[in-house]
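The data below hold one chain only, encoded as structure tokens and taken in the form predicted on its own.
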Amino acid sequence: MRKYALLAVAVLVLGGMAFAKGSISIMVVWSGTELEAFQKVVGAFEDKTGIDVKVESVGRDLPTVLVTRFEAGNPPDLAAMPNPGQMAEFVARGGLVPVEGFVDLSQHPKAFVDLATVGDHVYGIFISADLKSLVWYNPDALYAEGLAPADSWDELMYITETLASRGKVPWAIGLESGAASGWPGTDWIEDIMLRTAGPELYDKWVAHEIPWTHPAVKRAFELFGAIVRNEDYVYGGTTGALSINFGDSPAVLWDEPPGAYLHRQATFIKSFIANAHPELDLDRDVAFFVFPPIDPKWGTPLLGAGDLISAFRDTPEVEAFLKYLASAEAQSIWCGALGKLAINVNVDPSIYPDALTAQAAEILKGAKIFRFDASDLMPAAVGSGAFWTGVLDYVSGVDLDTVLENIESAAQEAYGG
């Protein structure tokens, strides 16, 4: 009977039929332009349905505030989950509502449905993602050397070695980011780990079910080190990698002559490139390819982050809002305003600000395996502490075994032994 009641009250509110009455609350991390964009999504939903949506922005305190509210028995109706790991924690505590019964998940790539799945049920929907597994290049400069984008790690190393043999610098790498220095290197290691150890071992690494001294982790560091610790391969050598700000580092690819030829970074680096070289036509002068596979059996997994929404209560209004957030209409508003990548495969590519973003969105559509940035999922003492510091130590020349033992020591304490 309850299901029929839901249908009677809220069914098909999105189809222009009878509107449900009532209100819902959602807690989000966003502020500034992101919050403004989400309010546009909310406004369109309210106009369509008559349902009032109260948005509570708590910023970076969201994980703590959400746990406190949940434990007090007063969670919001919905919330932006910090990441899939914390979503799973709320599921384990009986807090979240399965969504597969009323959201059309066939419009979302399986990789993102899998990320929101715990056991036999899906407990959230992704409304957008950021893609990190990209290698940026200046097409005019790379093609002038008779080289082309790499389809494998061997090809990537061939490009690297060929450029170095000609007295040219293959890579621009910047690890400096103030108090967050080191994080760009963790992204390299995460991408490599996915391609050499596979997603299951990657997940165990995130959960500290394998130690940092595990051979798979060591190999990922070593492959990164084969590039970043080679003075001939990196703009400015190791000193440059350690001292150049991550946002400034790719600019040299478009200097005349080019200071370097390749730069691995997420979709957001496009704005840094444009600011450094406003004369560029982004769709003609800037290009990227997917960070290539290393061990063929693992293919080309994608690394990044995403915006995940889950529900603590099951009401007609909540179901209607989740259904809307999963739709191409809602994601077109959200991603069109921000340049984020939509999850719904039916979003029109014309909503994106440029062809580069549309290309990244197309790559995302084909995602077979997608994983969140590992350091963001780890306890802060590890992910944004010992891991960041360990990268800097390793690049500066500290013995790798010592680096990994130091991170493992921090991990044992942070994960509770």
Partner chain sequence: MRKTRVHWLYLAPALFFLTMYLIYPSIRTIILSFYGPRSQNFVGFHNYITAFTSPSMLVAFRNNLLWVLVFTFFNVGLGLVLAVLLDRVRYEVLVKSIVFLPMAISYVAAGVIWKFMYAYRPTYAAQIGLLNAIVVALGGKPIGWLIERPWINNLALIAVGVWVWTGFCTVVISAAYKGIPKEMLEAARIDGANEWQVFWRITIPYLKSTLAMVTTTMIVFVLKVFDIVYIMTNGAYDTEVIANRMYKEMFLYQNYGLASAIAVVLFVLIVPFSLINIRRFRAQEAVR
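All figures in this text were calculated on a predicted structure; none of them were measured in a lab. Throughout, rigid core stands for the largest set of C-alpha atoms superposing within 1.5 Å between the two forms. Positions refer to the first chain, counted from 1.
Same protein, other form: the form predicted together with its partner chain, not shown, and the subject of what follows.
- Heavy atoms within 4.5 Å of its partner chain in the predicted complex are found in exactly one of 155-163, 243-251, 112-120, 185-193, that being 243-251.
- The partner is absent here; in the predicted complex, the one residue of Gln86, Thr315, Ser332, Thr300 having a heavy atom within 4.5 Å of its partner chain is Gln86.
- Proximity to its partner chain in the predicted complex, defined as a heavy atom within 4.5 Å, singles out one entry of Val228, Ala141, Ile309, Val169, which is Val169.
- For the three marked residues, Pro63, Ala381 and Glu413, a heavy atom of each sits within 4.5 Å of its partner chain in the predicted complex.
- Residue contact with its partner chain in the predicted complex: Val234 places a heavy atom within 4.5 Å of it.
- Contact check for Ser23: every heavy atom lies farther than 4.5 Å from its partner chain in the predicted complex.
- Although the partner is absent from this view, Tyr324 stays clear of its partner chain in the predicted complex, with no non-hydrogen atom inside 4.5 angstroms.
- Within this chain, Leu400 is remote from the site of its partner chain in the predicted complex, having no heavy atom within 4.5 Å.
- Heavy atoms closer than or equal to 4.5 Å to its partner chain in the predicted complex belong, across 77-101, to the residues Gln86, Glu89, Phe90, Ala92, Arg93, ordered by sequence position.
- Comparing the forms between the shown form and the other one, the C-alpha position of Arg93 differs by 2 angstroms or more, with the core used for superposition.
- Once both forms are overlaid on the rigid core, the distance between the two CA positions of Trp254 between the shown form and the other one is under 2 angstroms.
- In summary, the C-alpha positions of Gly178 and Pro82 converge in the predicted complex, ending up at least 3 angstroms nearer each other than in this conformation.
- Compared with the form shown, the Val118-Pro296 C-alpha separation increases in the predicted complex, the change being 3 Å or greater.
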